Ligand SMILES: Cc1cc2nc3c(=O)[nH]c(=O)nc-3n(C[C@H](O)[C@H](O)[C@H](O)COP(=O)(O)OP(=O)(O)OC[C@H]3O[C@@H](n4cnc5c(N)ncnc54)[C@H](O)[C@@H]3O)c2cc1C
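Starting off, we have a lone chain in the form predicted alone, written out as structure tokens.
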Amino acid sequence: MPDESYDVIVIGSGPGGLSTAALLQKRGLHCLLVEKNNLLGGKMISIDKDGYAYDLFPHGQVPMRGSAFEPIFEELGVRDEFVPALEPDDPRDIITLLYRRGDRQEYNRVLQGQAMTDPTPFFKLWDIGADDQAGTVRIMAEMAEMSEEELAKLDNVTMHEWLGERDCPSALYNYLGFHANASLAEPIDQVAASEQILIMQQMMLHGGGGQYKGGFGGLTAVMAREFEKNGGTLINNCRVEKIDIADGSVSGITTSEGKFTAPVVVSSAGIQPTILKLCGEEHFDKAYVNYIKGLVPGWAFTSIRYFLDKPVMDTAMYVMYSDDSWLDTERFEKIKDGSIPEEVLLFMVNHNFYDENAAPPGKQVLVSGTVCSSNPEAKEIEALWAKMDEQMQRFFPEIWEACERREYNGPKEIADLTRDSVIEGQGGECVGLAQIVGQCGSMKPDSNAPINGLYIAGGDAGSRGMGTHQSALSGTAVARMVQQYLRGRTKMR
């Protein structure tokens, strides 16, 4: 039977919560980790069944070198188990890029290595002249060389606005429009320039699109194992019903398995479900509640997994976009209203490239995705699936012909697996909330919530950057905050 009293209780085993729990337990605190599902990992779940190993939806780690998970594994004493499937300087062709200009009928196709130091493949892909090539190099160099201080000044400037102040070639603008969708699940006219430029810097200098043997779930498995090995208590299939609060401080949690007490509760269940549902609005100032309700959700990724009866793919990623298929706010609203475009962007991961054991011998598994609404009840999802299948048949007939079966999932499945939907139209986000201009960077929600002993870890609060990297950074920072808080409590006694 688990103990009833702990130093720290962590809700949710996503990368934010799990990294917090693993680090604090390693540092000698008595921790309880509670997960509502049987599987661990939150949005970093990998599936291992029927001889296949793959992520729930397409992932790509940015940065590859210097990932937030590296120092976590180092501190846990398992640095040798942090094994990326690729190195940033892998000499092979890694990415198949397909792009169609708005004034063309056909897609150009090029192969790209992992590093982005050489822009030549992009110039060939875009089919642009010397002037546009020079303009592209100038803007990319400006992004690569931007200091942290300069970046911080762009938290309240959209990428669209920043590019509008420069003579930006249309091909580069369209690429960055696609990049905003694929890397941040946001539109270029709402993405903060500081966030997108930071991720572009990390891709250019430290590599992008990283993966791990067996998928990202391999990271989850190691951290969870070390958490328990160091004495932590893990309870899965356990739903938290309430965060208990007394006299302005947390006192523990009430769950489907009973009550547990602790002076600190760290939630990676999402900031809105934590504040509005698990705690309750009555415990917070009205202005803070309205602030939390006003945080804008990121978009979701809807995914199709293709199981192939023979190996037909020879690069790790397949990326397909056109000037017409990436989404700004106006295009996104049209899709939500039921107007499905002729083409959608596709982001696809070939797990066999990373791991020879990702499929049974002689077979392959491909995980594809495109951006969509985070609304679990979104009406356009099935139409997007049909469009993705249609493009697969048209542009990748070799994949379609080899397909034995397909699996589909969208924002509803993501919401069921991760954050509860407490505000209508939200819950299935690919990353989380507060990913847009005016709400991220220095304006990101604070991980230290306005109740003593309550902290938020994960993509909603406390850090910056892309996806899993951002969440692990948040978890690392929260672990440090919790230690400082508990030391302060001890001194006051």
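Each residue number is its position in the shown sequence, starting from 1. Quick caveat, the model's predicted, so the values are computed rather than measured.
Just so it is clear, the following notes concern the form predicted in complex with the ligand, a form of the same protein that is not shown.
Think of it this way: in the model of the complex, the ligand has a heavy atom of just one of Ala449, Met44, Met64, Cys31 within 4.5 Å, and the residue is Met44. Contact annotation for Lys444: none of its heavy atoms lies within 4.5 Å of the ligand in the model of the complex.
By the criterion of a heavy atom within 4.5 Å, Val431 is counted among the residues contacting the ligand in the model of the complex. With a 4.5 Å cutoff on heavy atoms, Ser463 does not count as touching the ligand in the model of the complex; it lies far away. Although the partner is absent from this view, Gln426 stays clear of the ligand in the model of the complex, with no non-hydrogen atom inside 4.5 angstroms. Within 4.5 Å of the ligand in the model of the complex, a heavy atom is found for all three of Asn37, Pro58 and Cys238. The stretch in contact with the ligand in the model of the complex, judged by heavy atoms within 4.5 Å, is 463-471, chosen from 436-444, 46-54, 463-471, 22-30.
Interface residues of 414-442, taken as those with a heavy atom within 4.5 Å of the ligand in the model of the complex (partner not displayed): Ile414, Leu417, Thr418, Cys430, Val431, in sequence order.
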